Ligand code: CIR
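This document starts with one chain, in the form predicted alone, laid out as structure tokens.
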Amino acid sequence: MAGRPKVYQFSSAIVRQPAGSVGDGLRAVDHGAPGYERVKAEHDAYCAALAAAGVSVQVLPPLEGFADALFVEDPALVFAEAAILLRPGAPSRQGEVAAIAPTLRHCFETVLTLPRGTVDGGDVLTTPDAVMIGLSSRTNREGAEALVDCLAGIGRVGKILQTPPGVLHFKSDCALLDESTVLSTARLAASGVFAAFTQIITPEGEEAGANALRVNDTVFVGDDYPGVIDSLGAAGYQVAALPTSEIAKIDAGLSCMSLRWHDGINM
């Protein structure tokens, strides 16, 4: 559709404050429970970075009954023209959809609901030509196919791909840097899914740094990944290094802490 903003251009975002129960968040490997105050400090820094990048941030209150609810990208997708309520793959997170639905209906005229299957927003990467949907332990084929149908209803193309074994979410291993460039781990790049893109590969041992986030003119990167930061700087990107060591303990990164869109379709 002509007139859409670039996929990394955002004017608005929704975030949710972490709950005191955040230490009970899901994790594939137990590296210890994150501390609430430290998670809150990381979340505050993230919100400040969004604002500094030119985004208006709406902050929702914590949900004590849902330890992972600060990761608002998983229960929903947002675009300039519509929002889609998803069906998270983890049973403990499914109630987050109903909690965020009223906010999305206030912000968007069109709000669709995934009718079947499971999809986590962390498995969905929006590129200029297609919305990539990675199959994973949280996103099944039934849900991915239903999402392709929803996307078609708002004039977008969905493309189903396979997330590498052992990777929680598709975007755990990649980030879009601009209209033609991605940051990717070697294991995801080897699958060929980014053959049409210029690829910057994360250094060995810094694979988790692939979960970066381009917001307008700035690329957010976890500050524990100096090799990724250096690679992006050398490629000419403006980088904001943000703390992520606490949220990493509950399998999270930078993309999942906000829902982002641009209010004006005609740019």
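Since the model is a prediction, treat every value here as computed from it, not as a measurement. Counting begins at 1, following the sequence as shown.
Just so you know, the form predicted in complex with the named molecule exists too; it's not on screen, but the next bit is about it.
Among 129-137, 174-182, 70-78, 153-161, the region lying within 4.5 Å of the named molecule in the predicted complex by heavy atom distance: Going by heavy atoms within 4.5 Å, the stretch is 70-78.
In the predicted complex, G143 touching the named molecule (heavy atom, 4.5 Å): Contact check for G143: no, nothing within 4.5 Å of the named molecule in the predicted complex.
R93, heavy atom within 4.5 angstroms of the named molecule in the predicted complex: Yes, contact at 4.5 Å.
Heavy atom of R87 within 4.5 Å of the named molecule in the predicted complex: No, no contact at 4.5 Å.
Any non-hydrogen atom of I250 within 4.5 angstroms of the named molecule in the predicted complex: The answer is yes: I250 has a heavy atom within 4.5 Å of the named molecule.
All of L26, G122 and H169 with a heavy atom within 4.5 Å of the named molecule in the predicted complex: Every residue of the spot touches the named molecule in the predicted complex.
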